[in-house]
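Starting off, we have a lone chain in the form predicted on its own, written out as structure tokens.
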Amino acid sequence: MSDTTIRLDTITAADIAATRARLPAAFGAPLRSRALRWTVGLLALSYLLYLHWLFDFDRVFTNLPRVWVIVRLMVDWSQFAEWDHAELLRSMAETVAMAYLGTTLAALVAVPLGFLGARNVIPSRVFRFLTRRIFDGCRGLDQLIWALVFVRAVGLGPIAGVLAIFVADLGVLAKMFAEAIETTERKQLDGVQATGASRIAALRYAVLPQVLPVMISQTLYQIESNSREATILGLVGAGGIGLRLSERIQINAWDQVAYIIVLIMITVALIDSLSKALRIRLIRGA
């Protein structure tokens, strides 16, 4: 093997000049790229200034006194004892149950669909392509759109919210489950199959234990997220605390609106803490 080490003290001015002539872009300032960056930056700045010019600041400052009136009404809880707390708490529990039920059903259905969409389980590209497009179709629409569809189909109430969460989360969880299955170790699958086990038994005892903690962690995170999303679904008639919030806003009961917002924040914080604790214990293998 020849020694290819180059000593810096042997490089002459002629060598540098020859290299500069052969590779002019490696020397000096990249004028074209710098000019392109400046042009893009100026265009972006001009567009932002144009948007600010279109924004109606007069309308904001004109309606600002109304905002302060609403804020004052929201902090006035002098009639707190007269509010229907049982109805609000029941609606809050309905929202949590809606998020839990919809996400749990979606996770149960997403497990077999995740196997059908995994490359290392289904070798057929056409079948996997069609399966993945089903996932995209479910998660391509927001839960709010699905809620509007199911409210029209099954009527007002939490059933529409459960179905909306189920369909939207089915696409999300199935896609994540399929990607998790594709990252599993092949050796365990080959070892189980070497014992004479069937293909389904091999997937059950070799692949599923590897991805089960990931599946549970992702499902817990979705329950945590849907506990917030389910509140919005109630605004379109899907039941829960969101429906009560919409009713109070329509009758300008801003004190109860503030109470419902605080109730939602406390509930979401508790669910977040519980979900985080469960996910940490799951990751640590406790």
Partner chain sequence: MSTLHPTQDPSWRLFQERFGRLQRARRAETLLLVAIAALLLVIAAAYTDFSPAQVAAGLPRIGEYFGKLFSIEPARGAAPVPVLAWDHLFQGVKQPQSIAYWFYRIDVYLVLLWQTVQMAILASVMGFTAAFVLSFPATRTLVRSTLAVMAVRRLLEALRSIPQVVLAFILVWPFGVGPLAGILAIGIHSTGALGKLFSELNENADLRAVEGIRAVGGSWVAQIRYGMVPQVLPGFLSYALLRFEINVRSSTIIGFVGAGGIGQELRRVIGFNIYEEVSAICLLILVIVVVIDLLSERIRHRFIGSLGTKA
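None of the values given here were measured: they were computed from a predicted structure. Rigid core: the largest C-alpha set superposing within 1.5 Å between the two forms. Residue numbers count along the first chain shown, from 1.
This next part talks about the form predicted in complex with its partner chain, which is not shown.
Problem set entry | Non-hydrogen atom within 4.5 Å of its partner chain in the predicted bound form for each of R66, A153 and T231 | All of them do, each having a heavy atom within 4.5 Å of the partner.
Problem set entry | Which of 124-132, 157-165, 173-181, 188-196 sits within 4.5 Å of its partner chain in the predicted bound form, heavy atom basis | That would be 157-165.
For this session: Would you kindly say which of A93, A201, V109, L116 lies with a heavy atom within 4.5 Å of its partner chain in the predicted bound form?
Result: Partner contact (heavy atom, 4.5 Å) among the options: A93.
For this session: Check whether V257 has any heavy atom within 4.5 Å of a heavy atom of its partner chain in the predicted bound form, and answer yes or no.
Result: Residue-level check for V257: yes, a contact with its partner chain.
Exercise. Should L220 be counted as a contact of its partner chain in the predicted bound form, where contact means heavy atoms within 4.5 Å?
Worked result: Heavy-atom contact with its partner chain at 4.5 Å: absent for L220.
For this session: Verify the contact flag for Q250: yes if a non-hydrogen atom of it lies within 4.5 Å of a non-hydrogen atom of its partner chain in the predicted bound form, no if not.
Result: So Q250 counts as contacting its partner chain.
Exercise. For L208, is any heavy atom within 4.5 Å of its partner chain in the predicted bound form, or not?
Worked result: No.
Exercise. Along 85-110, which positions have a non-hydrogen atom within 4.5 Å of its partner chain in the predicted bound form?
Worked result: Heavy-atom contacts to its partner chain in the predicted bound form: R90, A93, E94, A97, M98, Y100, L101, T104, L105.
Exercise. Cα of A44 displaced 2 Å or more between the shown form and the other one, core superposed?
Worked result: Yes, its C-alpha moves 2 Å or more.
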